[in-house]
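Take a look at this one chain, the form predicted on its own, written out in structure tokens.
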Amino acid sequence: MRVLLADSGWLATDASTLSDEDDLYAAGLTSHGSVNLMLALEERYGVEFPENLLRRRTFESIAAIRAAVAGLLDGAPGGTGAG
């Protein structure tokens, strides 16, 4: 997750130094960076983010992203935990 974040999120902060709960937007994640990150996550995990997960809260922390991806991988409609 941190590698994808570092490669796709365009953060101003080294992703390896962030905790799971750190605010990624405070670390420099932009809306454009979050779209790049979402596309990288979709490709990496073979999932598609539904419209209800295309919001700021879904990408606000590593924990939130992990919960969204886990929900998608578990087949929960619209993912879990980040909506």
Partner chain sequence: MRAAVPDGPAAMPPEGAAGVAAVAGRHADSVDREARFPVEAFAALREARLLGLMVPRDFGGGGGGLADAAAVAHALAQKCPSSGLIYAMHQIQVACLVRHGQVSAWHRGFLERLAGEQLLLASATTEAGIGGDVRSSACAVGDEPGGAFRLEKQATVISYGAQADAILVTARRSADSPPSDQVIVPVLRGQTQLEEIGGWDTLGMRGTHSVGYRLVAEAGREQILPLPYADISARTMLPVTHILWSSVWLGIATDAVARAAAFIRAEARKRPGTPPPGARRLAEATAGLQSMRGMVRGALARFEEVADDPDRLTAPGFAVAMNTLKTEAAETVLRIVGQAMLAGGLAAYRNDSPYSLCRHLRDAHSAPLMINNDRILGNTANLLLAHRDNGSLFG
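Values in this document were obtained by computation on a predicted structure and should not be read as measured data. Residue numbers count along the first chain shown, from 1.
From this point on, the text means the form predicted in complex with its partner chain, which you will not see here.
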Next on the checklist: With a cut-off of 4.5 Å between heavy atoms, is A27 one of the residues that contacts its partner chain in the model of the complex?
Outcome noted: yes
Checklist entry - Is there any non-hydrogen atom of E43 lying within 4.5 Å of its partner chain in the model of the complex? => result no
Checklist entry - Check A12, S31 and R55: does every one of them have a heavy atom within 4.5 Å of its partner chain in the model of the complex? => result yes
Checklist entry - Quick one: which residues from 33 to 58 get a non-hydrogen atom within 4.5 Å of its partner chain in the model of the complex? => result V35, N36, M38, L39, E42, E48, F49, E51, L54, R55, R56, R57
